[in-house]
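In the block that follows, a single chain appears as structure tokens, in the form predicted on its own.
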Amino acid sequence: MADMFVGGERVAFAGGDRLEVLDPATGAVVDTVPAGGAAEVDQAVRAAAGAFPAWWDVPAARRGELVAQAARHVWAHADELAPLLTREQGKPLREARMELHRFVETLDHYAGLARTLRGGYVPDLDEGAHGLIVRRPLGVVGAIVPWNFPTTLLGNKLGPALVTGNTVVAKPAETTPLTTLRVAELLHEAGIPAGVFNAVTGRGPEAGAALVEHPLVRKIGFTGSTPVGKQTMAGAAKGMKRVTLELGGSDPMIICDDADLDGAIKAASTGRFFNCGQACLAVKRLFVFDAVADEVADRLTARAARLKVGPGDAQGTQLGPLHSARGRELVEAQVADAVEGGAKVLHGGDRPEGLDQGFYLTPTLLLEPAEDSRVATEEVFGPALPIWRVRDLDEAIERANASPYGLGSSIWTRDLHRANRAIERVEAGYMWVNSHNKVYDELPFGGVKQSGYGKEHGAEALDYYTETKSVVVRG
């Protein structure tokens, strides 16, 4: 039985309520973790608050060295962590290793930025006076992380928080806490001081809400669904806390008639079916120019048919199970709604034969669902991709923007004018031209509309973990 990690050690849970962590490939129990609540969150937050002054006193460059050292230590245990992540999340082992590598890359990136932290100087405010702009950490930061990329998305918050001198309490998703708990141990082993990073397990309405509303927490970094993000924002507002919200998406991909179809079709398939389609930045709506629509549909169907569905730890698996029975049922309901509304099923739409245990679904392609169908108006968090024909770029952009979401987007074209028009007009916080789905630590990342608030990645993320003080010096 796994316990929480607080103040540099595993902490036993006095209560009797525990959460079962299930293997999505079989439905079997992998382990249990404490169902912590307000008391456990308070213990962790106080440990983080106690560690904050000493961590802030560590020079920024040295904090960066410690974070880089910790990242290397985590990667040295990748052979242990990747199977653990696969067992609790469901993704293929190859994707689990990729996720761990992204976590390490992000920590390394921010470790390097630790030496670049700067304030400001304003000369000659008036006679005999100059100004300083002093930058300081916030204090205790709460990190609430979802189940689809529990390690990568933790790194997005942990890297900038630690190098700027904050301490962190993480609340992993109740269904994927195990890798986070082990990572917390490894970070401490590598030299991150006790209390600087803590991990508390529990349900969102109890542990998550307690973290959001704790009076000693100064900022919340949250990744999850838009409805829960709105609740988080409202809870944080009670204490005037800073928030960074990375929320849902319904990302459009536009394939023009002059596109590199080999690259576009491969990107559409990978962008939709990576992690079984359970990604905020997955390709969720595909708009294809009439002239190439038949070829794109046929070739995408052939790719989907070749994907090997199976347990994440099985040799050659390309598409693992969905993370939960509930998640599968939701995607099935969205697909059924599309079919009832007239969509043609090009491939999939059912459960694969021979995989009766676990939460599997075949990769699904839907041609021309109704514009008011659920797959068009909701976020589809699973391996189902709707495809629509469009006359031209103006129609593609109009339909791409007909969504409450605005996270990622992409366009495939050889025409620079078309690319620039899409860059200007598509309502999204991130856009790829002739590529898709790779996020770079160097670029700020965040959504518009109901896809989020604030930025992760980039040097800009450091601003969300620090505050400035203006100082007037005279004499």
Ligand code: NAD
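Please read all numbers here as calculations on a predicted model, not as lab measurements. Numbers for residues come from their place in the sequence shown, where the first is 1.
Not on display, but discussed next: the form predicted in complex with the ligand.
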> in the predicted bound form, do Glu174, Ser225 and Gly249 all put a heavy atom within 4.5 Å of the ligand?
Replying inline: yes
> Which one of these stretches, 395-403, 207-215, 119-127, 311-319, sits within 4.5 Å of the ligand in the predicted bound form when only heavy atoms are counted?
Replying inline: 207-215
> If you check Val141, Ile255, Leu162, Cys280 against the ligand in the predicted bound form, which one has a heavy atom within 4.5 Å?
Replying inline: Cys280
>> I need to confirm a contact call. Of Thr106, Ser269, Asn148, Thr86, which residue comes within 4.5 Å of the ligand in the predicted bound form, counting heavy atoms only?
In response: Asn148
> in the predicted bound form, does Thr362 have a heavy atom within 4.5 Å of the ligand?
Replying inline: no
> According to a 4.5 angstroms non-hydrogen atom cut-off, is Phe381 in contact with the ligand in the predicted bound form?
Replying inline: yes
> With the cut-off set at 4.5 Å between non-hydrogen atoms, does Val169 touch the ligand in the predicted bound form?
Replying inline: no
>> Please determine whether Trp55 contacts the ligand in the predicted bound form, using a 4.5 Å cut-off between heavy atoms.
In response: no
